[in-house]
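The data below hold one chain only, encoded as structure tokens and taken in the form predicted alone.
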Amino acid sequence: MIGVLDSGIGGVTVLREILKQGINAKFIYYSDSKNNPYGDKSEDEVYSIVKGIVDYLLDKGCIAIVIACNTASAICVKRLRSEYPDTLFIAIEPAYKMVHDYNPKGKTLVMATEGTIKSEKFLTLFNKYDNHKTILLPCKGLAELIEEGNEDEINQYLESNLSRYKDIDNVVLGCTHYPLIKDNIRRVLGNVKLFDGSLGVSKELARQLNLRGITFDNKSYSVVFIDSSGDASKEKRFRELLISSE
């Protein structure tokens, strides 16, 4: 069994890519919307929350855990790997290196939570590949709007916060919620190139499972959905997003 955790349903964008790798495992998807957002919490708060979810997933029999939240990944993964050395952790990170590989001279906008942008993990990545044409934009409140699914409020937010960046070439979607609004972002910024870490995470999970000789006997995958807030509407939207395409 494989666990996937996120601060809400945004990590469905990661799970969709994982399923494209043909990993026919039993999955538990843990949506922690009760504690959403993680980006405005202290590192100690985030770690305590995420550790509790990890303990829950391990208790349910998960042999690998995918951290599909950029903030949780940036803050927690190093410590989790130290405290749980026998558990395989696969962690997402903002796809800033992908921009460097694709268009190193282009002007780039990194959209992420404040927690991700301020994290040591992201800043190390940023300082390594920064071409001095990059804008870091903390998108406070955007993940919550996407979680709620209010299109009008999402579009108003994007118009208010992105319209000044119409000369951008690349946009890094540094939160797993943001790929769910790619079309909305393009309506404001035009035909920009969008990058997110979902594909890289899915490939790394498949690679690590192969390296460890871990296989699954299931003929198809199955997904158990858990939301910490107990809001039944979350699962309905999650299931719809899981089977949808871009």
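One rule holds for the numbers: they count along the sequence shown, beginning at 1. Note that the structure is a prediction, hence the values are computed from the model and not measured.
Only in words, not in the display: the form predicted together with a small molecule, which the text now covers.
Using a 4.5 angstroms limit between non-hydrogen atoms, V171 is distant from the small molecule in the predicted complex. In the predicted complex, the small molecule lies within 4.5 Å of some heavy atom of P37. The small molecule is not shown here, but in the predicted complex it comes within 4.5 Å of a heavy atom of T113. A residue is said to contact a partner when one of its heavy atoms sits within 4.5 Å of a partner heavy atom; I75 fails this definition for the small molecule in the predicted complex, lying far away. Picking from 212 to 220, 29 to 37, 195 to 203, 56 to 64 the stretch near the small molecule in the predicted complex, with a 4.5 Å limit on heavy atoms, gives 29 to 37.
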